[in-house]
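Next up: a single chain in structure tokens, the form predicted on its own.
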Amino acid sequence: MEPMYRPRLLTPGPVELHPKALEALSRPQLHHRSDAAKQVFLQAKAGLEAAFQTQGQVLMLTGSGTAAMDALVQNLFAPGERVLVPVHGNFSERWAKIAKEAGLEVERIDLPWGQVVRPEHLGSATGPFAGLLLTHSESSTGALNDVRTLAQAFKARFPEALVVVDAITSLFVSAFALEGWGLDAAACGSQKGIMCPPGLAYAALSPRALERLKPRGFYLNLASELKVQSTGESAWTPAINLVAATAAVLEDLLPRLPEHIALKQHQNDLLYAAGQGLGLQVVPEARSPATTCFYLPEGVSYGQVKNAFAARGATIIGGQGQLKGKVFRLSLMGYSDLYDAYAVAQMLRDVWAELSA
């Protein structure tokens, strides 16, 4: 008899959904201009501001996390301004591409993929700069940057510049504090640590960033959103079902966020321990709790690993950019508990036993 497995989504986005998100999505459709929708919108907005730990504002945009990244670059910097972008993975590379498309002058610091950014890397760059674009959790490699220390080092040299962070796979998975860490703006998305479906972007703006807005564009014009989001509406039709899911998950998650973050760290530690026990080589220099990333051993293809996990009901993901065909990645960033981590660790051992047979 063929064994039966439940489907497991072990990717760093989209992720397995929180039950509160599923419950919210099953409710009758709200009209986004109704009083009920406004109440849900304001609840989600307040929860996100608490999660980012900002006294500024968090704006919800219908789009992926990349929409929030694009909006922040377009609305905080003017064409021709210089920004510093350390590139050490696929998503830090995305910052450089967005900034270039926005007409900014981009100074790159290219580092080996898997490495983290250190203050001495920033020290080699000569200003002036209008901003620093950082990736907190580089989920293409599994690396976690110390963005707090990097922001301090950068602002010691360029105090007027803005520090903008991709927190797409770090918020709700790692500790994070916008103003408390000297950060000015940050981006996130609904299909990551908040355990909702794809389709909603969160753009966090500190009070300092709000004062420095240089709005442009049409759909992603943050000044247009600021005018209406404090009233519980958005400038354009929002993904109101996802806003309701966001509000529902935050109501459950925020009171126990420190414990949740500790769980995500422990789960990731278990997966790394299992892989290292099998002799697998770890990719990141400093590990993000969002993603476990291993190099593929010689003679083992990503297709083989992917198919072996799929035979056990699990979906995993491979490498991107420079690491395509060289690594595989697992994630328990979605809704999962401690025993899910033990199960996936054993699944990894079973997969390797099969591939080694």
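Start at 1 and count along the sequence shown; that's the residue number. Keep in mind that this is a model prediction, so the values were computed, not measured.
FYI, the form predicted together with another copy of the chain isn't displayed, but the following is about it.
- When contacts are judged by a 4.5 Å heavy atom cut-off, T237 counts as touching another copy of the chain in the predicted bound form.
- Not displayed here, another copy of the chain is approached by R27 to within 4.5 Å at the level of heavy atoms in the predicted bound form.
- Proximity of Q55 to another copy of the chain in the predicted bound form: non-hydrogen atoms within 4.5 Å are absent; the residue sits far from the partner.
- Under a 4.5 angstroms non-hydrogen atom cutoff, another copy of the chain in the predicted bound form lacks N145 among its neighbouring residues.
- The putative spot formed by A78, R208 and Q229 is not touched by another copy of the chain in the predicted bound form; no residue has a non-hydrogen atom within 4.5 angstroms of it.
- Stretch-level contact check against another copy of the chain in the predicted bound form with heavy atoms at 4.5 Å: of 146 to 154, 172 to 180, 274 to 282, 197 to 205, the positive one is 197 to 205.
- Distance criterion of 4.5 Å from any heavy atom to another copy of the chain in the predicted bound form singles out L220 from the list L220, L134, L162, L104.
- Interface residues of 90 to 114, taken as those with a heavy atom within 4.5 Å of another copy of the chain in the predicted bound form (partner not displayed): R94, K97, I98, E101, in sequence order.
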